[in-house]
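Shown next as structure tokens: one chain only, the form predicted on its own.
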């Protein structure tokens, strides 16, 4: 038995032995939860929540499950900009975890979150209300920055950055099966053009610093693209595993 199978069995047993104080559900529901997990459905989707930067966020299949590398991105931004930003834009906000975490930690006074998926924005709305940040957040449906107005001193994004064909073999099966493809994949032959248009839109609305989470095989070329488009002070940062993961650029 492989290590991942052993860990899955252990978590399965932990689910079955949850006390009533842990989850106010019946034994049958615990059994159903455990069996669904063994089928490969991510535990966060089964619980309908995921911990991120000190808070529990509501999530469902309309949004990505927040990941530690994204949490690290929030930490990098918070360390540099706490108390310094005024207006933040989060492009592809999904469940809202990036934008809401930054606002809660006083990185900015107000924020705008945009997403092409209306269902994802409903999730972000719920999370903004739970954290009592709804008065500081505007959530808009928008394809990239198409419906965005004004300028921002901080723009952050975790866009779809996986090439649908050539990167597919690097994607975990459960991610491909259960998480929203629109938030994950771009067509290979459209990939460079998509990011060129995206970065140009960012440039048109930025008066400060841009942060982006990206693919380890693409961020170096994207850094060169940012330079060609007139961005300055461009840096690439590693995630906690030492993998090239984040871009930082200024206007």
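Values in this document were obtained by computation on a predicted structure and should not be read as measured data. Residue numbers count along the first chain shown, from 1.
Below: the form predicted in complex with ligand GLN, not depicted.
Just one of 148, 164, 131, 175 comes within 4.5 Å of ligand GLN in the predicted bound form, counting any heavy atom, and that one is 175. In summary, among the residues 184, 192, 47, 223, the only one with a non-hydrogen atom within 4.5 Å of ligand GLN in the predicted bound form is 184. Contact check for 64, 69 and 160: all three have a heavy atom within 4.5 Å of ligand GLN in the predicted bound form. You can rule out all but one of 131-139, 78-86, 151-159, 104-112: in the predicted bound form, only 151-159 has residues with a heavy atom within 4.5 Å of ligand GLN. Residue 213 is the only one in 212-251 with at least one heavy atom within 4.5 Å of ligand GLN in the predicted bound form.
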